[in-house]
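Shown next as structure tokens: one chain only, the form predicted on its own.
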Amino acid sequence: MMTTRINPLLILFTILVYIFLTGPLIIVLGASVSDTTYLTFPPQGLTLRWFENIFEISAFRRTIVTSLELAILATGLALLIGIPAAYALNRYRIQLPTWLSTVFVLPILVPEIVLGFSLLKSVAVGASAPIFATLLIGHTLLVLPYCVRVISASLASFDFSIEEAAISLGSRPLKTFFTIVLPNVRSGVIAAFILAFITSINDVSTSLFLTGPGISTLPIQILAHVEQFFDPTIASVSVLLMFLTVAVMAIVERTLGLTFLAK
């Protein structure tokens, strides 16, 4: 029986890639538990007091809640718009103009700084909209392309003749959509939700222009904290954000399995 010998350079390259990907995470994790009043790595002593400090600072408590509310609402609105849009783009791709699909990608093509400044001038200042409403519009526009593209990819492999067969047998179009089409693209909807939620909760560029007195997001509060302090609280917040991402992925793996999303 012949065995294939793996090139040592390939092994070394693989190890270097893993170090490159996990190195920053290890450094941030180590800095978050350091028993010093400044950021340092390797940690000098171990403590969890910087994680406690996050919830002792009212600004962090407030922005964590705001960021979660904003991410959930923006993702929900993006899905409400994105699912019908993706369905129409795939179901009526022959009748609809080809440039229409490009419209839903524009928020990705436009730099986030330009998007944030445009919303600041037209919505926040021009329309005198509340700060949270402006943030919600900005984040919805930001994550909408991800929802449309991911769900469109799932619908691309769906056989619409199944839907037509159900309608021809007497099922109403709306009922057919919810009982036939939507269950078949559930993996795409869940993947779109995860991607949109993580994108929204970590956004900096757009939120930087749209936050205001009394309302801010967690990433913007992190920037404000760094301007005044250099303690490991920032590293602790970053670790919490990493754990939140891992928790979302773990819930999906627990309920559906990541292999389900790959279907």
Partner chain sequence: MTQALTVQNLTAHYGTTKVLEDLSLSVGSGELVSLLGASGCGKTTTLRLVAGFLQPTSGKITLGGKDLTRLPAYKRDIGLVFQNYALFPHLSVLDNVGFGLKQRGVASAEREKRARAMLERVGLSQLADRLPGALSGGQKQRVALARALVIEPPLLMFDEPLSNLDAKMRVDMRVEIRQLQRANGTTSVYVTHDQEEAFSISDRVAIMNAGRIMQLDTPETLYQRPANAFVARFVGFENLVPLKVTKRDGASVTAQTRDGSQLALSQDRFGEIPDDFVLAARADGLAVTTDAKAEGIPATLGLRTYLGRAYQYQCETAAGTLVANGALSMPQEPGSGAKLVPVPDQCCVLKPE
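Numbering follows the first chain given and starts at 1. As the structure is a prediction and not an experimental result, all values here were calculated from the model.
What comes next is about the form predicted in complex with its partner chain, which is not displayed.
In the model of the complex, its partner chain stays beyond 4.5 Å of every heavy atom belonging to residue 118. Its partner chain in the model of the complex comes within 4.5 Å of a heavy atom belonging to residue 168. Contact annotation: residue 184 falls within 4.5 Å of its partner chain in the model of the complex, judged by heavy atom distances. For the chain shown alone, residue 172 is a contact residue for its partner chain in the model of the complex, at least one non-hydrogen atom being within 4.5 angstroms. Exactly one of the stretches 156-164, 187-195, 100-108, 135-143 approaches its partner chain in the model of the complex with heavy atoms within 4.5 Å, and it is 156-164. Of the residues given (89, 83, 180, 129), 180 alone sits with a heavy atom within 4.5 Å of its partner chain in the model of the complex.
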